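Starting off, we have a lone chain in the form predicted alone, written out as structure tokens.
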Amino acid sequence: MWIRPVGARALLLECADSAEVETWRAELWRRREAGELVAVDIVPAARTVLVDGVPDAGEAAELVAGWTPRPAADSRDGDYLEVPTVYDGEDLSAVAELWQVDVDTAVARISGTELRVAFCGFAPGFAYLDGFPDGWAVPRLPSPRPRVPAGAVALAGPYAGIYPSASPGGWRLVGRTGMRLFDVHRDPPARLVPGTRVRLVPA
């Protein structure tokens, strides 16, 4: 893990992979809750963790560099959410074909895997869910759809995602859910935050 300053009030931790990102995200959140780290935001991404709003970037970098995060297994104890999913997506057959299995097996693979919110982005409330084994990654569509409905459950690359609102999108649609995952009137607005464990259970 490398630590780089971002201006006077932020750090960027560059990690080797998503597992190391999650390890450091969990450790930094735990240290902040314990009062050992002062930071306004801790924002994980695919290979980095941004620690923003620290009083002094240099002092914070020295502090973080001296910590050894807890093993990754200890960081998988986040909140757990089951998302009822109707598996009737337009691209489900294509995903099964890419995996060289039948549709029932593809559904069993998706619904039988405990996923985790690795990070959020693209749109408010859009969570990137990881946890699929190596080799299950699927390519995005050659051309994105102009409109994907809210609640669509989709796959792209190594991730699963649920569109919190209607938007263009190039992910492969495998199902849909009626669960509302983003509401600006709720605190916090997003139900899926980094570290949340998720299972896409058949509805």
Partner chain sequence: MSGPRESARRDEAQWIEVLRAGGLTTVQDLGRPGWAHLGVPRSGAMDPYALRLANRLVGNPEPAAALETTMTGCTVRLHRAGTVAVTGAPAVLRVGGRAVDTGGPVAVPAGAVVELGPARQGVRSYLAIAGGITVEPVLGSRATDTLSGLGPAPLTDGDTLPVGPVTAGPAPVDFLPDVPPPAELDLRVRLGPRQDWFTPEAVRALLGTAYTIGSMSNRVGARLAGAALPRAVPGELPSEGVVLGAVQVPADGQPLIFLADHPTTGGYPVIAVLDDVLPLAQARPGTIVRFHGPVAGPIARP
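Since the structure is predicted, the reported quantities are computational estimates derived from the model, not experimental observations. Residue numbers count along the first chain shown, from 1.
This next part talks about the form predicted in complex with its partner chain, which is not shown.
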{"item": "Its partner chain contact at A96 in the predicted complex, heavy atom, 4.5 Å", "value": "no"}
{"item": "Its partner chain contact at V38 in the predicted complex, heavy atom, 4.5 Å", "value": "no"}
{"item": "Contact of D52 with its partner chain in the predicted complex (heavy atom, 4.5 Å)", "value": "yes"}
{"item": "P5: touches its partner chain in the predicted complex, heavy atom cutoff 4.5 angstroms", "value": "yes"}
{"item": "Partner-contacting position among R30, R47, R147, R70 - heavy atom within 4.5 Å of its partner chain in the predicted complex", "value": "R47"}
{"item": "Which of 131-139, 168-176, 60-68, 147-155 lines the interface with its partner chain in the predicted complex (heavy atom within 4.5 Å)", "value": "60-68"}
{"item": "Residues within stretch 10-27 having a non-hydrogen atom within 4.5 Å of its partner chain in the predicted complex", "value": "A10, L12, E14, W24"}
